[in-house]
Every structure is written in C-alpha cells, then in structure tokens.
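Here you get one chain, nothing else, as structure tokens; it is the form predicted on its own.
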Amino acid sequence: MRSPEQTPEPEPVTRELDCVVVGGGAAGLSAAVNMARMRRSVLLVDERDRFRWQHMIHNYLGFPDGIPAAEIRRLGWRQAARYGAELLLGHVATATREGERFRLRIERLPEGGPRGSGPGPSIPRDAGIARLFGEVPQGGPMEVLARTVILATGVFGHFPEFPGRDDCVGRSLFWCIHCDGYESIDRVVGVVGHDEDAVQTAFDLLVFTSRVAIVAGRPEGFEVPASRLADLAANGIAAHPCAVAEYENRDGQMHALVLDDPGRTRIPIEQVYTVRRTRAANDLARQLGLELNPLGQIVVTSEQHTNVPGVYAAGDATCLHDHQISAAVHEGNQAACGANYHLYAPAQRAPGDDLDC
C-alpha cells in the first residue's frame, strides 16, 4: 500500500478558454466583465494579495457621497459572474507560449490565505462574498490553454510594514494626493519619502493644509538638492532626514511618527502619505517575453496591446505613475476590446487590419 508521502501529485487538468485574466483588481474585473459580455469564455484568476479595499473612493464619477473600494470590488464580482465569467482564487505560477495560444499553470494558494493578505478584516468577508458569486479556490494544479491573456497583476510596495498598517490604509494612511488630498483639509499631515516625488507631495498638500512635515524614512536622509530642503523650510514644512522608528496608530487612526533619531522625536500627526517606488508584479510578463520599461513595468500601446500578439496588460503594472480606479477600469475595458478583436475570424475584420497594432 502506497504511503501518503509516496502518492504522486495528480496530473494537471487542462482546459481551453478564450481568455484568462490574471489579477482581480479594478483593471482585471473590468476586463473580465467586458470579455464576458462579448460572449467569450473567461477565467479570472485572483490572489487578492495586494488590495485591502478598506478605503473610501471619493473621486469616482457617479458616486457623490463616495463608495467603499470594497463595494466596487464586490459589484465587480457580481457583474462578471452575471455575464458568465468564472472566478478562481489561485496563483498563476507559469505562462508560456504554444504557437498562437498560451499555457498557464494555476496552483493553489499557500495555506493561510492569499499571499501577503495579512490580518486585515476584509479578508474573511471578501472570501465569503466572492464565493456567493461563484469564486472557487484552486484545489490542485490546473493548466489552461488560452487564446488570449490579459495581465492586470498590479504592483507591490505602496506602504511600509508596521503593526496596525492594514487598518490605517485608506483611513489615515494614504499614497495618492489626487485620490485623498481633499480629506486632508486642515489636518496635521506627515509625508514619508526621501526623493523629489515626496517633496512635491509635501508641497501639494499645502493646498489643503498648512500643517505638513516630511520625514526621509531612511537613515541616509533625503535624495534632493539642498536648495529643495531650503524651499521646504521657506514654506513652513519641517524636514527630518532620518528613518521612522514607529508609526503610532490605534484602530485605524495614525497618531504620531516616532523618529529614529537620538532623541526618538515624536511628531504628532493625523494622517500619513507614504511616497515610495513600487514594484510591478511582472513575473508572468517576463515569462511571456513582454517588453518592459527600465522600471520593470509592462510596455503597452494606448489600446493596451503588448509586444506579443494575444497578450494585453492593464492597470498599475503598465504605468509609470500608479493609477486611480477610473484609469484602471478604462484600461481593463480597452484590453478586453483588443483581446476580443484578436479572437475574430478573418471575415470579421476589415481587410488589411493588423490584429495587434
């Protein structure tokens, strides 16, 4: 009798589909909805590893009182499922080209939930709601042969790691002044970042509040000319060239930045904006031979075509400046339009049309 240790891993089940969408944020959900509406067989594979979706979205057209980002996601699940898109909780481990199709190997997520999910309160709630709309967890290896692929894999690294962080995101911890600057009116705000982007964020916040300080967030201090530090001082923005030892917070509310200086200086604040370079999730893009820019982001046309026919990309993984939800939704739709057109038979296309121009 074979022991459990000797039991071989089952051979992956192979499925054939019109489109696999990798990533279930705003761009991926938009792509899945629009591909499904074109009556394509669509599988959306999501790890739910980046978004905590706790914050309110105040600048999305049509929601004058704002809408929780989590609600946008839940509505996206419902909408995608309504048109027949399949939702799968899993990890796309590999992607290769096979002629005009793409083979993707999908694996079960590690024990303990989505990678990097942390203890945030949205995790179990999202899991339950996703199941209502047909999402299933991948139970073992599966291989898919897809005629098209849409990568909406996003980025990592918006926020530093500290206890209580996930509860603060979108409540008192931000990164996008265009999304959340209005909520900083008359607040005491700290900016954490060492480069010119951080300095510009500190200056931009002066539109909303006069009480702004900036901390380099690293022992090496700031990476800007002395003249820029002088500009900060001239505009009443205190600059602290050191790391942050502690982000004091409780129940989602930031209270102070404790500096990693000899005196462990404590700066009382109500909100924090972190400005740091993100990292595109581009492992699958590299495997498929997609063109990347010097920062590792996927290079796309204005219609979300990559350099590989049949592969499209949308959302933060493609952009120098991280997107707002409105941009991600638009790009997901554009990617779906391109992928759908790629699937047309020759007679359905105008003579001489280049599929992936």
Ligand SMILES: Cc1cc2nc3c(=O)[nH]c(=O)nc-3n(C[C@H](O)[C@H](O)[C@H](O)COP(=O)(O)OP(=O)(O)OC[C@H]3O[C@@H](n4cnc5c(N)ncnc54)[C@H](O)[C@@H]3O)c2cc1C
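Given the structure is predicted, the values throughout are model-derived calculations rather than measurements. One rule holds for the numbers: they count along the sequence shown, beginning at 1.
Separately, the form predicted in complex with the ligand exists; it is not shown, and the next lines address it.
Asks: Taking the ligand as it sits in the predicted bound form, is residue 55 in contact with it (heavy atom to heavy atom, 4.5 Å or less)?
Replies: Residue-level check for residue 55: yes, a contact with the ligand.
Asks: Could you tell me if residue 148 has a non-hydrogen atom within 4.5 Å of the ligand in the predicted bound form?
Replies: Taking the distances in the predicted bound form, the answer for residue 148 is no, it never comes within 4.5 Å of the ligand.
Asks: Is residue 92 near the ligand? Define near as a heavy atom within 4.5 Å, in the predicted bound form.
Replies: Yes - in the predicted bound form, heavy atoms of residue 92 and the ligand come within 4.5 Å of each other.
Asks: Closest heavy atom of residue 328 to the ligand in the predicted bound form, within 4.5 Å or not?
Replies: Within the cut-off, so yes.
Asks: So which of 211, 165, 73, 194 gets a non-hydrogen atom within 4.5 Å of the ligand in the predicted bound form?
Replies: For this set of options, the contacting one is 73.
Asks: Tell me the stretch among 150-158, 248-256, 230-238, 213-221 that has any heavy atom within 4.5 angstroms of the ligand in the predicted bound form.
Replies: The contacting stretch is 150-158.
Asks: I have 18, 38 and 334 flagged as a candidate spot, so tell me whether each of them has a non-hydrogen atom within 4.5 Å of the ligand in the predicted bound form.
Replies: No residue of the spot touches the ligand in the predicted bound form.
Asks: Quick one: which residues from 20-37 get a non-hydrogen atom within 4.5 Å of the ligand in the predicted bound form?
Replies: Heavy-atom contacts within 4.5 Å come from 22, 23, 24, 25, 26, 27, 28.
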